[in-house]
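Just the one chain here, the form predicted alone, laid out as structure tokens.
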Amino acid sequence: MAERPEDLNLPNAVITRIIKEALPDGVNISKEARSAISRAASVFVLYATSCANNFAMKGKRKTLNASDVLSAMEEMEFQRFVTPLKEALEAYRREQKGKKEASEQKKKDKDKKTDSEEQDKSRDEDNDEDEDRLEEEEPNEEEEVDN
């Protein structure tokens, strides 16, 4: 756990970016207001985490999961955020599944390429051995012709 309350604050750069994205162009925000929003956001995250942790503990788990966070939002009376959070979670899961499938496909393609290269190398080695045998046999044929 953090030793000082300041350690629990979210990074200023992140807060500033979120604020700029939320406000219309040309609207400025004072340092005091940015600091207040930052502290409020940090308190919100801590409270949501604490509520989600309570749901995990009720389930006799030490790991928070998405359903704990969604349940915490409802308990905190932020029901209007539950649907957008579920949609974002589904989008995240689809993205992760796509990345996993792409990674597996890339690995399969790499394995196929490696197998193909090994087969080519084996064929080349076989051809080299055949050529060596032929070269060894050729002088013998010439000797027979000379005799």
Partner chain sequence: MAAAAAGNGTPREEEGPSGEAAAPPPQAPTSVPGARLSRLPLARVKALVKADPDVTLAGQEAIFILARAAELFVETIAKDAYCCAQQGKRKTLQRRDLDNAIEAVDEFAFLEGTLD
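Basically, rigid core = biggest C-alpha set you can superpose within 1.5 Å across the two forms. Positions refer to the first chain, counted from 1. It should be emphasised that the depicted structure is a prediction, and the values quoted were computed from it without experimental measurement.
There is also a form predicted together with the partner chain; it is not shown, and the following applies to it.
Contact check for residue 95: a non-hydrogen atom falls within 4.5 Å of the partner chain in the predicted complex.
Shown alone here, residue 88 lies within 4.5 Å of the partner chain in the predicted complex, counting heavy atoms only. In the predicted complex, the partner chain sits within 4.5 Å of a heavy atom belonging to residue 53.
By the criterion of a heavy atom within 4.5 Å, residue 60 is excluded from the residues contacting the partner chain in the predicted complex. Along 22-46, residues 22, 23, 24, 26, 27, 28, 29, 30, 31, 32, 33, 34, 36, 37, 39, 40, 41, 42, 43, 44, 45, 46 each place a heavy atom within 4.5 Å of the partner chain in the predicted complex. The rigid-core alignment places the CA of residue 28 2 Å or more apart between the shown form and the other one.
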